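The data below hold one chain only, encoded as structure tokens and taken in the form predicted alone.
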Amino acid sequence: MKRFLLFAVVAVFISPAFAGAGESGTEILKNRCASCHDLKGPAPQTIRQLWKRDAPDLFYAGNKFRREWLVAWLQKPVRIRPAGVNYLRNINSTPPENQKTKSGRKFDVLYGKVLKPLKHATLNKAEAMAVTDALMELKPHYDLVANVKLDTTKKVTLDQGEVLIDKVYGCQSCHQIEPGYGGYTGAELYTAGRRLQPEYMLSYIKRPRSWDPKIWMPNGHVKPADLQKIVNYLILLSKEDFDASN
């Protein structure tokens, strides 16, 4: 009886260790992600530093991503930047005449099939949730979104949103609003509404270099009302079915 009680007591103290024998979310980030992703910041302060970046910075992931998207993506990672993070290595800025937007602006295009398949760790559900919890704690740029709020009354149709993205502000020359339609330099926009927090989108579009000082994305001087409409459009666009798995 005493042996049984001793075993039970030992089990109580040991079982948490065994239950936690797997890596925590923070440990997974440190052991499997930190070699490619910056988890501490700051963002690149020089062009030389930017040129060396081959994976997105994650040190402000909690300010940027939607939790549910992160959990799903970490279990089934797919490319969201057609030309890769370091896109200048893969982009031709003088595309042929048939690569134009409806407004007549030219898209950037890939030199060819130069990108290797995306290689990214695939996590199981428990790992993905643990990593996501750890990433959502990374919020150093709270000040950039503290007073930012999406105005859901500034609704637009898909056509109206495309006019803003393409003809008015020229975003489509670098970003795709559906698979294969648009530029390759930036991340795809047709999943942005699922991937990104509205406050982040509003803040980033308004002043991208507040987040990333040396990024090539320009400040488009977007009017406040148009900014709200663009983010509402991106959320609406993300609900379309483009047979995209991301």
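So that there is no doubt, residue numbering starts at 1 and follows the sequence shown. The model shown is predicted, which means the values in this text are computed figures rather than measured ones.
In what follows, reference is made to the form predicted in complex with a small molecule, a form of this protein that is not presented.
When contacts are defined as a non-hydrogen atom within 4.5 Å, none of 59, 138 and 144 contacts the small molecule in the predicted complex.
The partner is absent here; in the predicted complex, the one residue of 163, 150, 156, 80 having a heavy atom within 4.5 Å of the small molecule is 80. Although the partner is absent here, residue 218 is a contact residue: one of its heavy atoms lies within 4.5 angstroms of the small molecule in the predicted complex. With a 4.5 Å cutoff on heavy atoms, residue 72 does not count as touching the small molecule in the predicted complex; it lies far away.
By the criterion of a heavy atom within 4.5 Å, residue 185 is counted among the residues contacting the small molecule in the predicted complex. Looking at residue 33, you'd find a heavy atom of it within 4.5 angstroms of the small molecule in the predicted complex.
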